[in-house]
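Just the one chain here, the form predicted alone, laid out as structure tokens.
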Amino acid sequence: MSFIPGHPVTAVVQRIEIHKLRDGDNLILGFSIGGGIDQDPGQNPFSEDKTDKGIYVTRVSKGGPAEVAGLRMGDKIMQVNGWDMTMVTHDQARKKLTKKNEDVVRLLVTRKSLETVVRQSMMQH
């Protein structure tokens, strides 16, 4: 994702739909997140310039719903079920993802490899 102060942010995004796994009263997504506007972005291993306070996928459970859906460690979550996730606290993000009445989570994510592929294809034309 490229960011220049005063200019629009551009990002290549992918839609991912995760069907939560029901385990008794729990709904399992199969991934963990890090980041948020209330966290230290310097501690985020996926933030390139160490100032990005976005929500990132920090772990994906092998064989879990998130892995099956195509989510990858390092993906930046831009939206959850239509809700903007670019300026939320860690707890707000967790609550949006773990709503008990939602069996499906629709994510809009961006990842470095997506951006690289698009940039390479644009250079070929």
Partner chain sequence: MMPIDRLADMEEKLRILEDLNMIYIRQIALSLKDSDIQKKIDYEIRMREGACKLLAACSQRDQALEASKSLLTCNARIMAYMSELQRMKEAQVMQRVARRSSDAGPMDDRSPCKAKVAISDLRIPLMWKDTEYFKNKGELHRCAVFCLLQLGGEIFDTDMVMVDRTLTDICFDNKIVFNEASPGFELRVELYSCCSEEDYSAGNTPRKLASKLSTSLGRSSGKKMRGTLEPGACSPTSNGGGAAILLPVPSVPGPKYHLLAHTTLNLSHVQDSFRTHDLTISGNEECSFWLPLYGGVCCRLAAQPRCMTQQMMSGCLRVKLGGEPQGWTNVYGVLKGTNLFCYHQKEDMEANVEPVLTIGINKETRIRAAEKDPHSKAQNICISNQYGGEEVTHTLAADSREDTQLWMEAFWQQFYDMSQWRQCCDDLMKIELPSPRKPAIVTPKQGALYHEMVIDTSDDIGTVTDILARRIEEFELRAQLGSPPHWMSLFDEDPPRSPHNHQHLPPHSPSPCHRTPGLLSSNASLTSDSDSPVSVSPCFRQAWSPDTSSSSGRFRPRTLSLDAKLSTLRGRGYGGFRCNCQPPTAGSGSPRPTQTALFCSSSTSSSSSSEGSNSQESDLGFSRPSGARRSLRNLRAKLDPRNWLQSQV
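Numbering follows the first chain given and starts at 1. Nothing here was measured: the structure is a model prediction, and the numbers come from that model.
The next section is about a form of this same protein that is not shown, the form predicted together with its partner chain.
K.L.:
Examine Ser32 and determine whether its closest non-hydrogen atom to its partner chain in the model of the complex is within 4.5 angstroms.
P.N.:
Heavy-atom contact with its partner chain at 4.5 Å: present for Ser32.
K.L.:
Closest heavy atom of Arg94 to its partner chain in the model of the complex, within 4.5 Å or not?
P.N.:
Output for Arg94 is yes: heavy atoms within 4.5 Å of its partner chain.
K.L.:
Might Asp103 be said to contact its partner chain in the model of the complex, defining contact as any heavy atom within 4.5 Å?
P.N.:
Taking the distances in the model of the complex, the answer for Asp103 is no, it never comes within 4.5 Å of its partner chain.
K.L.:
Do Ile28 and its partner chain come within 4.5 Å of each other in the model of the complex, heavy atoms counted?
P.N.:
Although its partner chain is absent here, Ile28 would touch it in the model of the complex, with heavy atoms inside 4.5 Å.
K.L.:
Could you run down 32-64 and flag each residue that has a heavy atom within 4.5 Å of its partner chain in the model of the complex?
P.N.:
Ser32, Ile33, Gly34, Gly35, Asp38, Gln39, Asp40, Gly42, Gln43, Asn44, Pro45, Phe46, Thr58, Arg59, Ser61, Lys62 sit within 4.5 Å of the partner.
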